[in-house]
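The chain that follows stands alone, in the form predicted alone, written as C-alpha cells.
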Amino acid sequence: MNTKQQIVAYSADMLRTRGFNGFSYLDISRELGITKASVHHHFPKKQDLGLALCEWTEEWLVQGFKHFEEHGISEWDKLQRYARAATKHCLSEQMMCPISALHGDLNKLPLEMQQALQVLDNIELDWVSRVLQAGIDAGEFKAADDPRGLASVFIFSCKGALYYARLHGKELFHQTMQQFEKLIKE
C-alpha cells in the first residue's frame, strides 16, 4: 500500500473504533511513522479524509453485499449473513459499522460528508430492499406494502440491537432478529 492508502486503512479502523472525531492527524502520523505534514499532503483537511472514508465505506459495503449475494442460498439467508457479519464486526471485533460511526458524529460533519453519508445509507437501504422484494416475489416472505420501509425496520433493528447487545449480551440481538423473522415470515 502507498502512504495515502495506509492513511485511509488506518483511519477506517479508527473510524470504526473511535468515531470520526475520535482521532486526529497526529494519531495517524504516530501510528504510520510519518509526519503530520505528510497526512496533510494527501488530505489537506479532515473533511477530505472523511470523504475518502466514505468512498472506502462504499467499497466495503459493495464487497460485503456481493459476498452475501454469491453465497446466500435464500433471501433470508442473505439477511442472516448480513446480521452475522454485523454481529462479528460489532460484538466480536469490537468495531462499529462505519455508517453508524459516521452517524454518531453527524451533527459535527461538514455538509459534503453528510451528503456522502446519505448516499451510503441509500446503498444499504437499497440492497436490503431488493433482498426483501426478491423474498416477497419468491413467496419466501409475506407481502409488504413498502419493502423499503421494511428494509429500514430491518437495518434499524439490527444496528440498534447490536448497540444494546454490547452492554446486555448477544441474546438480545438474537431475540430482536427472531422478532424480525416472525414479522416477515408469518
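Values in this document were obtained by computation on a predicted structure and should not be read as measured data. We number the residues from 1 along the sequence you see.
Just so you know, the form predicted in complex with another copy of the chain exists too; it's not on screen, but the next bit is about it.
Colleague: Under a 4.5 angstroms heavy atom criterion, identify the one residue in Ala134, Leu150, Ala52, Leu32 near another copy of the chain in the predicted bound form.
Modeller: None of the others qualify; the residue that does is Leu150.
Colleague: Would Gln118 count as a contact of another copy of the chain in the predicted bound form, using a 4.5 angstroms cut-off between non-hydrogen atoms?
Modeller: Close contact exists here: in the predicted bound form, Gln118 approaches another copy of the chain to within 4.5 Å, heavy atoms only.
Colleague: Hey, in the predicted bound form, is Ser24 touching another copy of the chain, heavy atoms inside 4.5 Å?
Modeller: So Ser24 does not count as contacting another copy of the chain.
Colleague: With a cut-off of 4.5 Å between heavy atoms, is Ser92 one of the residues that contacts another copy of the chain in the predicted bound form?
Modeller: No, Ser92 is distant from the partner.
Colleague: Does any heavy atom of Lys159 come within 4.5 Å of a heavy atom of another copy of the chain in the predicted bound form?
Modeller: Output for Lys159 is yes: heavy atoms within 4.5 Å of another copy of the chain.
Colleague: Kindly indicate whether Asn2, Ser11 and Val62 are, all three, within 4.5 angstroms of another copy of the chain in the predicted bound form, using heavy atoms.
Modeller: Negative, none of the three is within 4.5 Å.
Colleague: In the predicted bound form, which of the stretches 37 to 45, 138 to 146, 66 to 74, 53 to 61 has residues with heavy atoms within 4.5 Å of another copy of the chain?
Modeller: In short, 138 to 146.
Colleague: Could you run down 1 to 38 and flag each residue that has a heavy atom within 4.5 Å of another copy of the chain in the predicted bound form?
Modeller: Thr17, Arg18, Gly22 sit within 4.5 Å of the partner.
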